[in-house]
Ligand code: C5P
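One chain follows as structure tokens, the form predicted alone.
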Amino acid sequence: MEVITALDFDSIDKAKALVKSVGSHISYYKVGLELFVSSGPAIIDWLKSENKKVFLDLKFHDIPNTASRAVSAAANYGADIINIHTQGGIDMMKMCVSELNNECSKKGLNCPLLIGVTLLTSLDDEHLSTYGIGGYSSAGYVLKLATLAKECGLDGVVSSAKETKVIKENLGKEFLTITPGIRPLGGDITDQKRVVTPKDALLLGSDYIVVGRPITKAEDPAAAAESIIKELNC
């Protein structure tokens, strides 16, 4: 399992300071909407110059042509992971896979993993009921979306670790799972609902965990990162 730290900041300087303070403990970082909108691809260039891996978390969700062109353009940034919303539909997912492969082949780029977002970890069964998605539990709905993602050629999905086991059992161990909503034991869950501890995520089979505030808001980010890694290795 690999730990990805979420750089949820509003400026590139804050992100750089966090990465430098964490040092060698973390090699993978997530660049989401807030940081990308405020700094653009400059933050990706800088992370790559620091020999870090990048999860570009922009969750593309649009008509097939628009989403696939966005994914194709994002491949040129050198990100290691790009994601799209599985709820954008089968045609959208298939076109994103095709355009990504074509772009990377045409330009000789390393093809990033293409990952599908299923149900955000801030949502739960109550959300499904409110939106009239009847007949599904959170786990059942996530599995349905993950199944469609695999059929469309995606490399894996973003989901709560609570759904990792059922995904792996049904779709195979090679189908990747990236798990946000990670909180160390006793940590504040804030706006998350379907959360687990790092150790639980490991035991459930997650391939990557995304950890944000428990590291980025810690008084000593390096010590917080080291503690999480030690928990995973116990």
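Given the structure is predicted, the values throughout are model-derived calculations rather than measurements. Counting begins at 1, following the sequence as shown.
Below, we turn to the form predicted in complex with the ligand, even though it does not appear here.
Of the heavy atoms in Met93, none are within 4.5 Å of the ligand in the predicted bound form.
Using a 4.5 Å cutoff between non-hydrogen atoms, Pro180 counts as a contact of the ligand in the predicted bound form. Not displayed here, the ligand is kept clear of Ala75 by more than 4.5 Å at the level of heavy atoms in the predicted bound form. Not displayed here, the ligand is kept clear of Ile84 by more than 4.5 Å at the level of heavy atoms in the predicted bound form. Per the 4.5 Å heavy atom criterion, the ligand in the predicted bound form is contacted by stretch 112-120, the sole one of 127-135, 140-148, 94-102, 112-120. Residues Ala6, Asp8 of 1-29 are found to place at least one heavy atom within 4.5 Å of the ligand in the predicted bound form.
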